[in-house]
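Presented as structure tokens, the chain that follows is alone, the form predicted alone.
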Amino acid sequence: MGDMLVIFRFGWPYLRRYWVRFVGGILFGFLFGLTGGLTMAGVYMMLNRLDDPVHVQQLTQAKQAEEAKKASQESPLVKEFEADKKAISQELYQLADPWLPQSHRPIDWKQITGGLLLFPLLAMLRGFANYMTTYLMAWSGQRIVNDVKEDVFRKINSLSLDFFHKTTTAELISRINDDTGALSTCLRLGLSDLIKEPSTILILFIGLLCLDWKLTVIALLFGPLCVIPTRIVTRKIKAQGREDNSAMVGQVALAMESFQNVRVTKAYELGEEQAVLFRKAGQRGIYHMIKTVQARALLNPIIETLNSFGIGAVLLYAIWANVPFKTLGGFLFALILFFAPFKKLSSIQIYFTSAGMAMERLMGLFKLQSSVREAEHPVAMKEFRQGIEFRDISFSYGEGPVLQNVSFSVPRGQRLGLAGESGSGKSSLLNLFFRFYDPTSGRIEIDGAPIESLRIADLRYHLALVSQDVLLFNTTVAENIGYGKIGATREEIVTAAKEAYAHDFIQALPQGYDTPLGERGVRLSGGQRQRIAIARAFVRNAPILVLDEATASLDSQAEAEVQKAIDHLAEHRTVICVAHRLSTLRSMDKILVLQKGRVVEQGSFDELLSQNGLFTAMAARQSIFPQVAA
């Protein structure tokens, strides 16, 4: 019950969107349950018609006399109700009687037709109700799951970079696919049965009481015992399910790492080693899955055994009390129909248990808050006019200071370079500028306004990023460039490619701008991928250009081609350029040199070379200032 409440609380906002079909599924589920009662009534009626009609008439007269005696003692209102009910029953019986066979009565075509069609018609009605409730529940359930997937995807994308640094990609994929998959199974299979089976149980229970209330009480004496094994199995499935999920995530993570680092895997012949690790992770998952299967497989035999005690008790009492065959036969048939839903409900409990654990994980995800939050009343950022100011910026990822009291300004139109050894804090400054993180102390201003007060979308709309790690999507060339500006026209995309000196090699591709690039753009060279990224920045046409080691991973020829495109892109823009290769900073108006999170030197390229400081030593190691190296 707890898992059902968790799922209902989580799914209610989504369920309301499709309530019409969902309610329709519930109604057809009740109709399905009603057909069980009709089938039971049909069997009892046919067994009853096997008796000698004279004997039946005598029993009927005796019963009517007893009812008349009781009626004389009842109030006029009750008498009127009973009379109406009796009249309706007689009318229905008179309508059905010619169409149903009766022992010791000549059979005709009507009785043959009725006898042949009674149960097939009931089966068709039952099948139609089952089909409709299953279809309607699946229709609404799949849309609910898709909405949940979309919200999970949006939520993950809304979280800050620190969340992604603490979480594996495999775990995120598991939240999107596996957790929502458990919900899908629950809604598609469990929810329709949750409507059909309890309604069937209710209708049949009423029917059993009408047939013989004493037999009903005896048959159900052992029913409560079924709750015990169900609860034990549910607890085991929960425990094993958590371990199985952990093993599955680990196996997927291993596969993703191996595929993403396929060059290293092949170069160092790690394929077999990775396969062994993959197998071990899979074996761990198999162990917990088999334990879950064992628990599930034991549940139905236990429930059937306990139910059999009830059937045995009914037969003993029926023999002792000389219960008529027609009553006993109809009762046993109804009892078999009555016990069948309980087995399905035990499986439903397993579906809801798995889905409940998945919903707990998803609710935990939805409760997470981004460490970078937009202001309650953000200010719309207008045209960039004045400049950028970093005021006493300090920052830490949690393990020690990365930046300490860094201050500098970048007037509009200036080109600022950032240099320093690895780990000096260069890229961290860019992360703060894009508001991927917020500083521990200090603030960053654009045109005098703190960036925390601006709409994040407006801030980033004024920034264009070209980084060392070129990330291209598995779409066409045109779509990859167009991601720089949502809604960019084909003309704007082609113009941007020409500005980035990428038009010629794009035209040479098999389908030109409509050529799919494959995952991560693997079909292009490093220089070509970088120029696609530069074209993306061109189409954005942002006033502030941020370059993060944009040519660090290129050979000399590709670097020259890309640097030409970057220089063209930087014209008439404010530029912040991080570079490990100092030669790319020659064109900067001003360069800041960072060491251990502090600005230790600043000036133009030539000024810094002449200071014989840290920048000079770095340049000498790159053979830019050979006399100092000597």
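All figures in this text were calculated on a predicted structure; none of them were measured in a lab. A residue's number is simply how far along the shown sequence it sits, counting from 1.
Quick note: we don't show the form predicted together with a small molecule, though the next part is all about it.
Although the partner is absent here, Q511 sits far enough away that none of its heavy atoms falls within 4.5 Å of the small molecule in the predicted complex. Taking non-hydrogen atoms only, H288 never approaches the small molecule to within 4.5 angstroms in the predicted complex. Using a 4.5 angstroms limit between non-hydrogen atoms, S424 touches the small molecule in the predicted complex. Not displayed here, the small molecule is kept clear of K564 by more than 4.5 Å at the level of heavy atoms in the predicted complex. The partner is absent here, but in the predicted complex a heavy atom of H165, alone among H104, H165, R385, K367, sits within 4.5 Å of the small molecule.
Between the options V402, V252, V314, V145, the residue in contact with the small molecule in the predicted complex by a heavy atom within 4.5 angstroms is V402.
Across the options 126-134, 112-120, 426-434, 212-220, residues that bring heavy atoms within 4.5 Å of the small molecule in the predicted complex belong to 426-434.
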